[in-house]
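The form predicted on its own is given below as one chain in structure tokens.
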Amino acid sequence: MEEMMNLSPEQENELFRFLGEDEKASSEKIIAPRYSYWKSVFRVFFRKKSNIILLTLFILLLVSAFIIPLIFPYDVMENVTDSSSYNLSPTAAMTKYGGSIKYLLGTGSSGNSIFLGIFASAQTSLKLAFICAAINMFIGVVLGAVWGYSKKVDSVMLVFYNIFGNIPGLLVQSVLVYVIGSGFWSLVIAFTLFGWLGVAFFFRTQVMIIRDREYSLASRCLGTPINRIISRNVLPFLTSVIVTVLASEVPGYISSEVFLSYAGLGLSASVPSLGRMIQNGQTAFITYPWTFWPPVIMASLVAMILYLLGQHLADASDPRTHML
């Protein structure tokens, strides 16, 4: 310290100097890694090898369900005039048709290909589930956010929910399909007419939990519009919750379609359906098990893979799992 006090002005100038504008700007920069929410989500998701296996299986299943019926169109009445093709075991069917892959799993009660049937039916189930989930989740999340944030909307929607929300969903779907008639879009209407109500009520509760937090109150005090508060403050906080609900919605619609078609209230006979294949095979599943178990396994596999993928993606979308 004493040595620095005894320095001459020339020596002091050598120790200290003024920074230029560019040097000053660079000296004030804080070096920190950039954070991307979705990159972090996928990093956490793909960290587990089981998720990679599940995703690979789902992609193979999805591609097979949409590509195989294009290459080999499925017709349930293709061999109906040939009684010798009815209920053939896989070995007998492959022998009869010269080893064609169409008959890898045998034939059904009308000579139909079980192998092509389960993929065409899986395509129908996946289409139905994705369409219904998209409609119900969109309406449920948006309306649920408004419902939970606005007290005026809450007073009206609670009356509506108490009237219609306590009716068993499967009963409503069965009645609607019976009244409207069987068919793909009839099932879509039956699943979405009131299907969004339970989703909206769930998100109403979630929004009510976080609507009075400090950052939301600050936005309200600053005069921020309600729609902007909901889209910027509320919904991003619920990303992991939205994914969790979606994880249970998609396989739920597949299960409902299988049950309704199995009960004879689902899709028409002209539309391939896992439920209808199970219904046709259950009468003789002891004698001809190859007509019953393939569609059962396919329905279970689709629902299980979608559920597990959704749950693991929901865990990965929770920001608390992004901490290194």
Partner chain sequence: MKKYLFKRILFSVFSLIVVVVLVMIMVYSLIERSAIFQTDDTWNKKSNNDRGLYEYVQYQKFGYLTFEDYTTFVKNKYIEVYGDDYYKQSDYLADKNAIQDAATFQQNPTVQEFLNKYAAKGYEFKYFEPMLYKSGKTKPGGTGYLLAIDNTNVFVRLGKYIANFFSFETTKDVKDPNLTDRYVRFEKDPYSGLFAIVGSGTQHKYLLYFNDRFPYIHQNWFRINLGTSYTAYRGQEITNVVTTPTGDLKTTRQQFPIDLGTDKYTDTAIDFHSVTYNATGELSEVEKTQFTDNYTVYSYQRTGLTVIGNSFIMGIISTLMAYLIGLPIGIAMARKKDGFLDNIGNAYIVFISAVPSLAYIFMLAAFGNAVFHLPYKFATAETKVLAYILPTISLTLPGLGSLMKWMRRYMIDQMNSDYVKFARAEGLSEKEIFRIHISRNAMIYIVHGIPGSILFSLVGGFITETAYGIPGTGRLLINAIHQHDNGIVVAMTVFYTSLSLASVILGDLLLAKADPRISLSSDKGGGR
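Numbering follows the first chain given and starts at 1. Just so it is clear, the model here is predicted, and its values are computed rather than measured.
This next part talks about the form predicted together with the partner chain, which is not shown.
- A heavy atom within 4.5 Å of the partner chain in the predicted bound form is found for exactly one of L70, L60, I53, I286: I286.
- Only one of A65, V41, L265, V271 comes within 4.5 Å of the partner chain in the predicted bound form through a heavy atom, and that residue is L265.
- Not displayed here, the partner chain is approached by F259 to within 4.5 Å at the level of heavy atoms in the predicted bound form.
- Using a 4.5 angstroms threshold between heavy atoms, P168 counts as touching the partner chain in the predicted bound form.
- Contact annotation for Y178: at least one heavy atom lies within 4.5 Å of the partner chain in the predicted bound form.
- Taking the partner from the other structure, the partner chain in the predicted bound form has no heavy atom within 4.5 Å of any heavy atom of Y97.
- The candidate spot formed by I189, F191 and Q206 is out of contact with the partner chain in the predicted bound form: none of the three has a heavy atom within 4.5 Å.
- Taking the partner chain as it sits in the predicted bound form, the stretch 276-311 comes within 4.5 angstroms of it through a non-hydrogen atom at I278, Q282, F285, I286, F292, W293, V296, A299, S300, A303, M304, Y307, L308.
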